[in-house]
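Here's a solo chain for you in structure tokens, the form predicted on its own.
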């Protein structure tokens, strides 16, 4: 169904625009390792973005760069970060990038959410979200030895199994929390460009903060809180098997029972 929707959107866009004369060259800047889970996840997202982009007149590329090199750039569309808290805060708090989407992909630090920076978007589940998920689990199952995580190779709902299969087929690795976050970050950005038809950082940040309803194969309609955290379910795993999902059934607040809900 999701693939059909993507193709329909592409066809509608082509009809509405006529023939696409100019290709939008969307460059995403990235600070972090160029190997391992998050890197492979971004590559998966990039492949899918460019497949869709063939029909929408968009071409995506990922530019690895150091934090020092980043500040020397005149123009930036979006910044993807897989680094430590201090580097993330330094970049997000810079006046130079105040209107640029800055993605924290892999740090679960609560500090990045309580900072409440308008341009900082956290993709992976926070430490508090996972803690709250386990509180819910232990309230119902006090003897549980499980733990909370954002993704799992056996997750099947919401077309997650297809995403897991695509990733493993492409890279010979299982998709974990970091690779899911890398994939989701690129997909969030490509969805935003497709919907806004803009590479302007300010336009993209506004859309991400106010209008995006993201399907990250964890349930449709995920949005960002004013803390910058992406709302999402959390998996409860024991002995490497998914035993349930948080929020648990019957818990008030739904997804907003997990983590810091607001800066207010």
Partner chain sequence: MKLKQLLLSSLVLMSTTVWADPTYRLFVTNEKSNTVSVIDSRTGLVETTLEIGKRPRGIGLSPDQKILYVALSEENAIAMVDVATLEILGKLAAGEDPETFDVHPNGNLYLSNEDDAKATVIDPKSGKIIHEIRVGLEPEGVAVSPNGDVVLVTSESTNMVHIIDTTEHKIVANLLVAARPRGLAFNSTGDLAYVSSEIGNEVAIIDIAKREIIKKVVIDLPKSKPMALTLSPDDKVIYMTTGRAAKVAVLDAETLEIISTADVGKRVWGAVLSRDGSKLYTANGVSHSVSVVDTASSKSIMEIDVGKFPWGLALDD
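For clarity, every value in this text was computed on a predicted model and none was experimentally measured. Positions refer to the first chain, counted from 1.
As for the form predicted together with the partner chain, it is not shown, yet the points below apply to it.
- A residue is said to contact a partner when one of its heavy atoms sits within 4.5 Å of a partner heavy atom; residue 54 meets this definition for the partner chain in the predicted complex.
- Although the partner is absent here, residue 171 sits far enough away that none of its heavy atoms falls within 4.5 Å of the partner chain in the predicted complex.
- When the partner chain is considered in the predicted complex, residue 219 lines it closely, a heavy atom lying within 4.5 Å.
- Though the partner is left out of this view, residue 165 does reach within 4.5 Å of the partner chain in the predicted complex, counting heavy atoms only.
- Of the residues given (85, 115, 159, 118), 159 alone sits with a heavy atom within 4.5 Å of the partner chain in the predicted complex.
- Checked against the partner chain in the predicted complex, the residues 194, 100, 137, 188 give one hit for a heavy atom within 4.5 Å, which is 194.
- Only one of 119-127, 150-158, 73-81, 100-108 places residue heavy atoms within 4.5 angstroms of the partner chain in the predicted complex, namely 150-158.
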